[in-house]
Every structure is written in C-alpha cells, then in structure tokens.
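What follows is one chain in structure tokens, specifically the form predicted alone.
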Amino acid sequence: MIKFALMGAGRIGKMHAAIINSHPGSSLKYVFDTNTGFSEQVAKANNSKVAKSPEEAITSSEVDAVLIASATPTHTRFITMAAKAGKAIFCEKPIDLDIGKVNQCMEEIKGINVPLQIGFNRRFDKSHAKAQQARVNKEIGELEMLIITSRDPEPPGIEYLKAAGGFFRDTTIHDFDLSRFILGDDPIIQISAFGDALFDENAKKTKDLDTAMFIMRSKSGVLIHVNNSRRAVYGYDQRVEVFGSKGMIISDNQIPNSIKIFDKYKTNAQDPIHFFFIERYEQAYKDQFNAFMESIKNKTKPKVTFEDGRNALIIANAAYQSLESRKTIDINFN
C-alpha cells in the first residue's frame, strides 16, 4: 500500500484525495493546506490526518509518495523537499511560473532517483491518446497539421486571475503540452501568438487575456494551430484534429450520454457537452494516477516528466515574447 501526503486541499486537491483513496494500492495519510478548514474537511472525508506543516506531511516515515496540488509558487519547494526525503512525487502543472525557479529546482534534485510525474492530464484522455497513436502508427499518413481547440465555459474570478500567472502559463500550457505529446520526437521550434481581452472586465483589470490564437511549427514542418477562449457559452470545448497525407482523426467533444432528439423544433439535438474540466477529464485524472502508481510499482520512468513540464513553460514564455514583440519567435529548450 502506497501512503500519500497531499499538499493542497482546494478544488483539485479534493479531487486528488478521492482518487488516491479509491485506488486499491494507495491511501491518503496526511493532508496539508494553509487553509486549515480545507485540510480538515478533506482529511475527514478521506480518513486521514491533518499535517501542521509541509515538513510533517512530506518527511513523515509513514509517507511513501507526495501529491502536490497546492498553489503554484509552492511547487518547486515541495518537489525539492519530497525528492530529498526520497518520496515519489506527483505535481500538478505548472512546475512554476518562473523558468529560473524551475531550472534551480532541476539542479537541486539532479541525481535523486525518485519517480516524478507532472500533471498534464490531457495526455491520458482516451480520445486524445487515440489521436496520438494515429500519428505514431501513421493511420493518417504523414502528419501535416495539428489543430487544438480549448475553450473554457466562463472566465474565472479576479482573485484567480491575479494568482494564475497569465493565460498562456495557466490555460494554454495544457495545449502546448498536448501538442508536444502528439508530435512525439518532433520538437516545436517556432511560435506566433495573438491575444486580447475581448469581453472579460477582470482580464482587462489584471492585464490578462481572455482570447488567444497560436501558430506553431515543428522541426519537420508540421503546422500547429491552437485557439483558446475563456467563454464558450455551450460548455467546455475540447477538440483535437490530427490531419495527415491520408486523412484525419478527430478527438471530439464529449457529452454525458449519446441520446439524440428529433422533433418539430430540432433535428439531431443532443444534451450540452460537459461543463468544465473535472467532468470532461474525470477518467483522464484517474488514468494519470494509475500510470503514476505503475511507475512506482515497476520502478519505471513516469509518462510525463519534469522535462515535459519545463518544456511546456518554455513554449508559454516564447508565446508571451511573440505577443509582446509581434514577431515569430524561435524556441530554445536549453
């Protein structure tokens, strides 16, 4: 039985706690959050203990692994602490908003052999993974274009925007990672980014964005288009199109059921798509945790590495550079 310490007991942490305790090979031992009300609630719901400090949770001899779902500025500190304590580590994205802190963390844990997986859950969505395998197996011939649509149902509150670190590092970073996942060993080498605050007053107040588009190019010449919005009134819009010389494969939006309605008012009508990311990617969150557990059990390299997290942030930083300079930016992953 792998015993976990959970760092962060907010919305994502609460979900991870339930996943840990629902897995037959793991249990939740400690919960830490600066908001003691959150940690007490999650601990009570999952028959675990409230840690009084990060050190109590992470360095406990009763803990085998650490799941980091706390505020982003704490991630590198908790990763370093857990690695030096010899614990397996799962950390939600992003590793940090500052590439300098990410690089420093990388240096501090260099040579420490513990599993470390970054939480890019979309890689584990069965439909997205099928699209990726279609590229690997050349079911659509040679890959020529990749189109990703990723739109939230509604914009977040102003307090979230103040802490999130910007649209590209908070939201689009998932799409940058998903692009890298589908491309495989073909790195993204150029990016042009466009964005604006078209409708959200909170985005304008925080000098953030609510709408964005990106054109990227891989080393082999594949063109990638990503479009983002923080307002899709019809639900959480998540689509991937993989286009090649012999056809295309689409990972489309999902709905709670497959019912279609035909009457005098509508034709081929369906229920709305899932409202937000927890509902849409519920199984993907479970599958990524299963993969992490397998890497601990089999002592294998996690499927989403620290390097993957670092590279996605580098692309996000290049996107901001492109937006500000109004130029296409060459991407350097060194």
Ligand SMILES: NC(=O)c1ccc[n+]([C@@H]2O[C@H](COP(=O)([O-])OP(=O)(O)OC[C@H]3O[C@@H](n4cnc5c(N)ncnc54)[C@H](O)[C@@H]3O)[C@@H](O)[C@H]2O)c1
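This structure is a prediction, so every number in the text was calculated from the model and none was measured. Don't overthink the numbering: it's just position in the shown sequence, from 1.
Just so it is clear, the following notes concern the form predicted in complex with the ligand, a form of the same protein that is not shown.
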Would you check, heavy atoms only and a 4.5 Å threshold, whether Ala319 touches the ligand in the model of the complex?
no
Leu323 near the ligand in the model of the complex, any heavy atom under 4.5 Å?
no
Contact label in the model of the complex: Arg151 to the ligand, heavy atom within 4.5 Å
no
Tyr285, heavy atom within 4.5 angstroms of the ligand in the model of the complex
yes
Can you confirm whether Gly10, Phe78 and Pro94, the three residues that make up this candidate site, all sit within 4.5 Å of the ligand in the model of the complex, judged by heavy atoms?
yes
If contact means a heavy atom within 4.5 Å, which one of 30-38, 300-308, 263-271, 58-66 is the stretch that engages the ligand in the model of the complex?
30-38
Which pick from Asn227, Gln132, Asn121, Gln190 sits with a heavy atom within 4.5 Å of the ligand in the model of the complex?
Asn121
Report the residue, out of Leu223, Ala71, Ile250, Ile158, that has at least one non-hydrogen atom within 4.5 angstroms of the ligand in the model of the complex.
Ala71
